[in-house]
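A lone chain, given as structure tokens: the form predicted on its own.
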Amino acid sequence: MSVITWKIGGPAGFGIMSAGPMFAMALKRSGYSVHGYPEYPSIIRGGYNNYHVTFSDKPVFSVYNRCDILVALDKVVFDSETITKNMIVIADFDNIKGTEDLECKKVNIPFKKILKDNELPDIVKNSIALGVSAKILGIDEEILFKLFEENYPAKVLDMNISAAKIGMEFCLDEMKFKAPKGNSNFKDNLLMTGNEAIALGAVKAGLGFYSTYPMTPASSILHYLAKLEEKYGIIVKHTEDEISGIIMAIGASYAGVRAMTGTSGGGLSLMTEGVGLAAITETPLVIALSQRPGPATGMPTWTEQADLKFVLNISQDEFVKIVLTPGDLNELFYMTFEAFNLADRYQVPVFVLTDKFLSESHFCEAIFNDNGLKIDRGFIFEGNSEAPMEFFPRYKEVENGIPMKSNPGTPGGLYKAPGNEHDDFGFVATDSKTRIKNQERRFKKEEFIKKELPLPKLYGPKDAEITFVCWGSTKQPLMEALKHNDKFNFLHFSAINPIDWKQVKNMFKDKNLVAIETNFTGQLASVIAEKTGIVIKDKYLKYDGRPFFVEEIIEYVKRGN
């Protein structure tokens, strides 16, 4: 077996979301490619938490439904998980009723007795479990303890290391799991979440201001950037609401700083009018949107790709907007970087769409290569010191529908930036001639943006029986499923608007297309039908808040649907 899955579960408060990522990192440092997937309920306290790690000596892209090794820190795990015959289950079986008849391979670790005999608090139960898991999988204990040093404050470090060592002592040789040896290929790789990749792409692009109200699953962009605030000279602002978040970002961008906001669907609903303001004032703005199931509050801690058409049609009237839909860490980092250049170059709102699965899962990737990344601030008026108080034709076309920006304080760069239609200097103008001229100028940009955005990319054998059509995070489970079945390939859209749909239409020729999306209606398929006239009849849709699991895709292909 080249791919192994390990899962730890328990109630909120048992340290599942610290132990899981730490063990994923221990596996990565041991030479494995790793994917980490968290699940937690949409409530403030309590409920069942689990963290699922898939690892291999070959590249791993996504999560499997099956579990090989399950660490159950409480009875709630047995109420929530399907226990199978071949599964190794680590639990305090002496103290969990109802597990007597389970046919799994039991590893009985007396957590309760260990804690009592060693006068340890319940909170270190996860460290005992990590010690057991490391021993079973042959992970070097020094790798694990080094991670403890990096993650625990000094006052609790020794206690957690002691707990892990006690756990290791309880492991017998017959409990060990035969895993493939790790290799050096992955030791230096990055292991990070999608939101961290977005944040780093923004920092590399020269982000100067980030403002938002925290909203799962986009919140960790805010938290991660806050840690980098001082080092990189960024202002990171936790605002009173989402409306303030986007308006502050527009203000900072208007002042000449590279600015971004981030949110999820409910927050974007509140930001909608701000998006329109950025559009008519032609203020560059990057918006990171991490999707989750709705409507309204929906399922805040789960995943779905159901905001695509919302973003494509956001705010009143028509205007040019760029919609990027990256599908992995590399695309998140580089496309977020480029989002700032596109925003500055074309002076339009740019969306970077992700979802909970991509935002909060941990992915293993080679270190980003930032050689050749160049910041492009677009057309900027440098000033006229001979006439410092002159008004400036900010909205007069310079090239390809794009006007020249003038930052506040620039001599001779005075202009107004109203939310109303306006003349070249920004003074409100509602005559038909001005309106027609501005709309035609603003939409002229679209043809030039099309030439810059990537077309869908084909992955897998060229002449496969099925061609899945996907966008965003669905790329990951398809990449993993390709390792097991070569009867399909897939076209992945890493950008959706505006792109050259004539070329896309040609890419669809002679293919047995199946739209695969995590939403109820097949939103990308709908967009494809609108833009190309091609109706993709076969759709494989999932809308239960979970990503596609690898086994589900393999089974779908086997059925030949």
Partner chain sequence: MKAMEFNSGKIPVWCPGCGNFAIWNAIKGALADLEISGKDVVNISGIGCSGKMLNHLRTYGFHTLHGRTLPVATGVKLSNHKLTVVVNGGDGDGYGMGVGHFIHAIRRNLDVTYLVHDNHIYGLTTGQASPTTDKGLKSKSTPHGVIDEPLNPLAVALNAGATFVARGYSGEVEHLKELIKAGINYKGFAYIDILQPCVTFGKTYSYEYYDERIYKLDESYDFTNFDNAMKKIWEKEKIALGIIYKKERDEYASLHPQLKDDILLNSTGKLRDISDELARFK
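The structure presented is a predicted model; accordingly, all values stated were derived computationally and were not measured. Residue numbers count along the first chain shown, from 1.
Quick note: we don't show the form predicted in complex with its partner chain, though the next part is all about it.
Taken together, the three residues 13, 43 and 142 all stay farther than 4.5 Å from its partner chain in the model of the complex, as judged by their closest heavy atom.
A residue is said to contact a partner when one of its heavy atoms sits within 4.5 Å of a partner heavy atom; residue 98 fails this definition for its partner chain in the model of the complex, lying far away. Although the partner is absent here, residue 337 lies within 4.5 Å of its partner chain in the model of the complex, judged by heavy atoms. Residue contact check for residue 378: none of its heavy atoms lie within 4.5 Å of its partner chain in the model of the complex. Residue contact with its partner chain in the model of the complex: residue 111 places no heavy atom within 4.5 Å of it. Of the residues given (388, 121, 138, 295), 388 alone sits with a heavy atom within 4.5 Å of its partner chain in the model of the complex.
Scanning 257, 104, 320, 175 against its partner chain in the model of the complex with a 4.5 Å heavy atom cut-off leaves one residue, 257. Per the 4.5 Å heavy atom criterion, its partner chain in the model of the complex is contacted by stretch 367-375, the sole one of 164-172, 129-137, 479-487, 367-375.
With contact defined as any non-hydrogen atom lying within 4.5 angstroms of its partner chain in the model of the complex, the contacting residues in 389-423 are 389, 390, 391, 406, 407, 408, 409, 410, 411, 413, 414, 415, 416, 417, 418, 419, 420, 423, given in sequence order.
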